[in-house]
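Below, in structure tokens: the form predicted alone, a single chain.
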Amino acid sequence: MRIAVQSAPFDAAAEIAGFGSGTNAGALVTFTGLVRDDSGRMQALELEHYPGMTERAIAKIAEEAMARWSLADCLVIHRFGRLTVGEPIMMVATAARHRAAAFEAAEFLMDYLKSRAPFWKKEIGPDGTSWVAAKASDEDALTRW
């Protein structure tokens, strides 16, 4: 299992190279989230976090996924700092014996990262900045787990 919280961009292909090798996994699932602009006016997204606390919170979520789906391996990368529209913001990879477990664990990770990872987001636009509020739909997604 590897957790990375970083400001630097990442190369998803390089990150997945060798992921899950030697684990006897039968399935690898990856997801890369990109910064999107729902308003059509966002110039950038700025993410803040508390170093140490954020990594521990993400590790706890990943450990739960590892145990619940008997994952062979797990990778979570989440960026912070100023990101522009279209930039990769996060990546999740899971390796499991069977595809259903790999897919479900990846979805679990994405849902929990979206609503429970301690990041604070600000949208930066032509009229200034505004904090991004939590969405009820993100909280509702957790009910299936």
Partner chain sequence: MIDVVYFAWVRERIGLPRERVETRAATVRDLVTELSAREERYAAAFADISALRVALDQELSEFDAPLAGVREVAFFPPMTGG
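Numbering follows the first chain given and starts at 1. What you are looking at is a predicted structure, and each value in this text was computed from that prediction instead of being measured.
Heads up, the form predicted together with its partner chain isn't pictured, but that's what we're talking about next.
Peer 1: Counting only heavy atoms and a 4.5 Å cutoff, which of 80-88, 95-103, 53-61, 66-74 contacts its partner chain in the predicted complex?
Peer 2: Checking each option against the 4.5 Å cut-off leaves 53-61.
Peer 1: With a 4.5 Å heavy atom cut-off, would you call residue 37 a contact of its partner chain in the predicted complex?
Peer 2: Flag for residue 37 set to no.
Peer 1: Just to confirm, residue 136 within 4.5 Å of its partner chain in the predicted complex by heavy atoms?
Peer 2: Result no; residue 136 lies far from its partner chain in the predicted complex.
Peer 1: Does its partner chain get within 4.5 angstroms of any non-hydrogen atom of residue 12 in the predicted complex?
Peer 2: Residue 12: no, not in contact with its partner chain in the predicted complex.
Peer 1: Looking in the predicted complex, any heavy atom of residue 113 within 4.5 Å of its partner chain?
Peer 2: Output for residue 113 is yes: heavy atoms within 4.5 Å of its partner chain.
Peer 1: Counting only heavy atoms, which residues in 112-131 are within 4.5 Å of its partner chain in the predicted complex?
Peer 2: Stretch hits, in order: 113, 114, 115, 116, 117, 118, 119, 120, 121, 122, 131.
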